[in-house]
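Here you'll find one protein chain in two forms, each presented separately as structure tokens under the names structure 1 and structure 2.
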Structure 1
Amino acid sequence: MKQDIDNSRYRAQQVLVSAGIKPSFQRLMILSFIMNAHIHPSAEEIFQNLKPEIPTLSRTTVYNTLNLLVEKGVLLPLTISEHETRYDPNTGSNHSHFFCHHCERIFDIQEVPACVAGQELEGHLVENVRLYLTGVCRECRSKE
């Protein structure tokens, strides 16, 4: 157990350092939680889970850290839940997400499926498909 914790913190430390982020205790704990919990947590979930272990932790630090990690490309922010941003530590692979509106969990879907609502996918009932592209539009590009 102790070994596992050490390992996951070590992996988180590696990620922070190679992204050029100073691996403070709070940042280490926050990223380590996100990487190991596999629940695509919200800021509030992170805060609630770490609060018992780090009683001085504040929401501000959680938000500061999340914004920094997104900026540095360590985390992907997901707006699939309509109420809060959730965070995915898997920034490398080209995968999709499935949001269950009952339990509010987010599942990784490994292949990007050419699928249609009403279908089944890995046992989940897909009611809704939304493809979101972001970037810079034609007109804004020409103004740069």
Structure 2
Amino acid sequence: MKQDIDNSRYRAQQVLVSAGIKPSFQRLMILSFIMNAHIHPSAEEIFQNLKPEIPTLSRTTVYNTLNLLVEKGVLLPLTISEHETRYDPNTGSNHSHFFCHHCERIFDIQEVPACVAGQELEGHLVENVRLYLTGVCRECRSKE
């Protein structure tokens, strides 16, 4: 378990340094949590999960860190839900997102639309494709 935590923080440190971001303890913890959570967390979820481990952590620090990580291209902000922004550390692969409006979880969907970055669409050069799908996930459907 301790080795997993150390590896996670080391990977987060590498990502921060390669993005030109000073790897402070709080930044390492925030990015490490996001990279390992696999839940596309909101700022509040990050804060609530890390607060017991970092009693001095503030919401302002979480928001400032998230803004910096988005600005440097480390995270993708997801605005699927009108209530909050969620964050995805998977910036390197083409994938879409599915938002379950019952449980409010976000799932990565590997099937990408026919139009991908670098192609032209009606004369426009596509640089980025973000597709959000919404509905009911398979777990919630099985409960109905």
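By convention here, residues take numbers in order along the sequence of structure 1, the first being 1. Nothing here was measured: the structure is a model prediction, and the numbers come from that model. What we label the rigid core is the largest C-alpha set whose atoms superpose within 1.5 Å from one form to the other.
In this pair, the copy labelled structure 2 belongs to the form predicted alone. In a rigid-core overlay of the protein, Ala19 has its C-alpha displaced by under 2 Å between structure 1 and structure 2. The rigid core superposition between structure 1 and structure 2 gives a CA shift for Tyr132 of 7.7 Å.
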